[in-house]
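In structure tokens, one chain follows: the form predicted on its own.
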């Protein structure tokens, strides 16, 4: 038998095994979480706040953690977007010119992307201590912003790079400025990918526990201001699953289901947005 046919068969088998492993792992994770969490996910669980003191209370539900997670992730993603979109467009050659500053910026973003989230949490905690502030919604939002900026910026930059140079040159030839070209040509072409980057960062923010462990705190109540402590779904799973009380552990599984559903919605939305707007992109 030809050696090339054997090699092709071997690598085809390896690819099938890899695909099966990935899909199987995803289905197992989803199946286990739904199996343990759906039976306890009642209407009261998602419409009532916790009762009985932080994560040890057996009464109430997880509404405070759901709302807290949304506050944290939406706030952090919004601030990260405001900062990241400017950096991503600056890193275009039209603005940065491929300077050393642009290279250092990319290197810094890559290092920040690889930094463990617990380091962000420790940094945020030290800053709060220096400012004589306690753990709060504001502290959690700021730390999540720092966590999401490198993810969002690098994703946007890679998408912006895919915009054909010819489109920019045509825009310049018609008298458009660099700002007008960036907004009306580049941003429009890169829109699906930029939204994908935003949603990926949002998913990372809403699912992260280590960065907000020391900065957002935990409470039975829904925060009434930026300076109140706030609960979150990742920390609810972390704390409640470690308790010996079965009623509290049930809350942890319910929190895991809600968090899983949110992540699945983000993933599906990303695919739908990309599919809808990709057909308008000029290749």
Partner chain sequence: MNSRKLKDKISSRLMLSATVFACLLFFVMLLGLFGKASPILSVVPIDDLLFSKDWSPMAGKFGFYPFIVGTFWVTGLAVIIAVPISLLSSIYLSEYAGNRLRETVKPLIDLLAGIPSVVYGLWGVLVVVPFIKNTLAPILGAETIGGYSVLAGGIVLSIMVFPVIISITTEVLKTVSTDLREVSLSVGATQWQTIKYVVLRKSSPGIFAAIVLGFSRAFGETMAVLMVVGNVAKIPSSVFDPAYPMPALIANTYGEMMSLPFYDSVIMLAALFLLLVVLIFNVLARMVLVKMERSVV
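Numbering follows the first chain given and starts at 1. Definition used throughout: the rigid core is the maximal C-alpha set that superposes within 1.5 Å between two forms. This structure is a prediction, so every number in the text was calculated from the model and none was measured.
What comes next is about the form predicted together with its partner chain, which is not displayed.
Counting only non-hydrogen atoms and a 4.5 Å threshold, tell me whether 28, 129 and 179 all contact its partner chain in the predicted bound form. Answer is yes for this spot.
Would you please decide whether residue 164 lies within 4.5 angstroms of its partner chain in the predicted bound form, comparing each non-hydrogen atom pair? Output for residue 164 is no: heavy atoms all beyond 4.5 Å of its partner chain.
Partner proximity in the predicted bound form: residue 105 to its partner chain, non-hydrogen atom cutoff 4.5 Å: Yes, contact at 4.5 Å.
Examine residue 32 and determine whether its closest non-hydrogen atom to its partner chain in the predicted bound form is within 4.5 angstroms. Yes, contact at 4.5 Å.
Are any of the heavy atoms in residue 272 no more than 4.5 Å from a heavy atom of its partner chain in the predicted bound form? No, residue 272 stays farther than 4.5 Å from its partner chain in the predicted bound form.
Using a 4.5 Å heavy atom cut-off, indicate which stretch of 40-48, 222-230, 236-244, 65-73 touches its partner chain in the predicted bound form. Only one stretch passes the 4.5 Å heavy-atom test: 236-244.
What is the one choice in 199, 159, 109, 138 with a heavy atom within 4.5 Å of its partner chain in the predicted bound form? That would be 109.
State the residue from 195, 155, 146, 187 whose non-hydrogen atoms include one within 4.5 Å of its partner chain in the predicted bound form. Spelling it out, the residue with a heavy atom inside the cut-off is 146.
Within 4.5 Å of its partner chain in the predicted bound form: residues from 114-153 (heavy atom criterion): Heavy-atom contacts to its partner chain in the predicted bound form: 114, 115, 116, 118, 119, 120, 122, 123, 125, 126, 129, 130, 146, 149.
Rigid core fit then residue 264 CA moved by 2 Å or more between this form and the one not shown: No: residue 264 shifts by under 2 Å between this form and the one not shown.
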